[in-house]
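Structure 1 and structure 2, given next as structure tokens, are two forms of the same protein chain, each shown alone.
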Structure 1
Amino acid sequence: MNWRFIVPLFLTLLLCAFLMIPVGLSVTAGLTVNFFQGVESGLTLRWVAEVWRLYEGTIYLSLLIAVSCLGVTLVLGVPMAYVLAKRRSRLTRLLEELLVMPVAVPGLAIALALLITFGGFREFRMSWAFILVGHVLFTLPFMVRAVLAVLSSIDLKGLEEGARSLGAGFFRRFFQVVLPNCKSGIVAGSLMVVTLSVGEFNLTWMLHTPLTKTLPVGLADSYASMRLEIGSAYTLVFFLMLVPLLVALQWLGGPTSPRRRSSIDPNRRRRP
């Protein structure tokens, strides 16, 4: 043991404390009768019940939007990823670049653009579909990337040629050979999409209406206007929703944000 080990270790633990203590405090606060007086005031599920009473709707809506968002990104993103994996041309590169833009451009700007363009369509503007559109734009790149990463790591060309030599046409190949072999990417992308959609705030805050509040919108609302215990209890509910998703992601091999997945190597050799 020397200072070269002790000092960084201390710093590491300090960072852990910095990140985790507030989580612990928040969980405690959500279960404490009166956080100002401390845990001595007793533990209770009263605040969680209160959150449920006040914000039940936001939780259902968030789940509904997350599942719909997953459905849409699967239908749009997986075929798109296949097209991008199969054809590397100037056009598909541009397409990929554009598809990823909603991740790079701040949600606020996208939300503003959506409001300006579609704000006049009242029915659409007032429905949760409006929020869904924002979520789809934001999560689609993650689905595309996750599937694309797997497609470019397997011998897609070889598999397809194998299938073709046995007489399989385009759609048979797509459904029987391509899709089953990028299952891991689809699963990783799906978890990512659901996690991001459930937690999305930047776009959602601008796009929501009083009747279409999602969980993070409700969270912001409770932080601003409710007592600390309720905000904490609500955060606790959110954490509980995240746990299965995070466990699943971890089980798939660590945090799988698309930036951890390498993109297609532009120098990858291909038969022209």
Structure 2
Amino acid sequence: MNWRFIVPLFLTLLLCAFLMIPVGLSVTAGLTVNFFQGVESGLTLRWVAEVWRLYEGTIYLSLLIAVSCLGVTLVLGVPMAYVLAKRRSRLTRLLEELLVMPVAVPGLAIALALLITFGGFREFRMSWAFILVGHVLFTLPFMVRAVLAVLSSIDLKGLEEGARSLGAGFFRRFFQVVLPNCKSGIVAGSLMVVTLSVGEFNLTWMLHTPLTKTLPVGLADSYASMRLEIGSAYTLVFFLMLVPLLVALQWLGGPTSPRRRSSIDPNRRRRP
């Protein structure tokens, strides 16, 4: 028997069971007529429909904030990671460490700082954009570090020098050379940003208003003020919304079909 394979496999299955059994019980509770009687009481979609009726707005708002947060972190994080990878110095290392501060500081402290700074801007404070700012601050380090890890593992300087020798300008090098080579880091960072934004509670709990509740805040309210079946059905809705989104991101970041030959001709010599 190959114990080197069996033992890690057993530990992996044990860990998966430890994580998935509670999730399965929670999902089952959201589909049963009565949680205390279990599956014997019958299965129903009544609680799912009740969650949709009461918290439909939180689902759409969570998706909107997550997608907006992903867009902002892509626009800010990828160029930032490119600069940090290209110019390695004490200053860039210091900036990299400062960038991780929102992760080290508790979300409640970040939310309190935002409330103190922007609490006087009433319209901004009452809009979902206020929550978006907090989510961007919290998730941006994950996007930057994921892309930076990939850029640091490739010969970025050599790739850019090769493209430059073929006559490619900065934007052409960035979009046709740098971005395709750090695609895996962008996908990994995107998965982290979306999951963290959708599931963020501490920061959102302090920044939200009665009209800007997100999924985790609504889930906490449902557990605190309603039947256990409704809270469990809310968990089921959470998974049904999040899993297809993650699968779509994985599909978009998967292997692509062969494309046409690059417009950068390798036989073309650099003009004097």
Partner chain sequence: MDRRDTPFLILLALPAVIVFSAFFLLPLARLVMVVGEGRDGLATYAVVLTHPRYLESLVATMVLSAGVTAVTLALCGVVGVFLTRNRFFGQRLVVAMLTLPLSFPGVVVGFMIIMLAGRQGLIGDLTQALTGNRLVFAYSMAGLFVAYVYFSIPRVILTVMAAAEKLDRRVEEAARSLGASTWRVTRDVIIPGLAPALVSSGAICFATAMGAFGTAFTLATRIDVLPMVIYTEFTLNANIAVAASLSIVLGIITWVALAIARSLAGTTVSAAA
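Residues are numbered by position in structure 1's sequence, first residue being 1. Heads up, when I say rigid core I mean the largest set of C-alphas that superpose within 1.5 Å between the two forms. Quick caveat: nothing in here was measured; it's all calculated off a predicted structure.
- Note: the form predicted on its own is the second of the two, structure 2.
- Aligning the rigid core leaves the CA of M20 displaced by 3.6 Å between structure 1 and structure 2.
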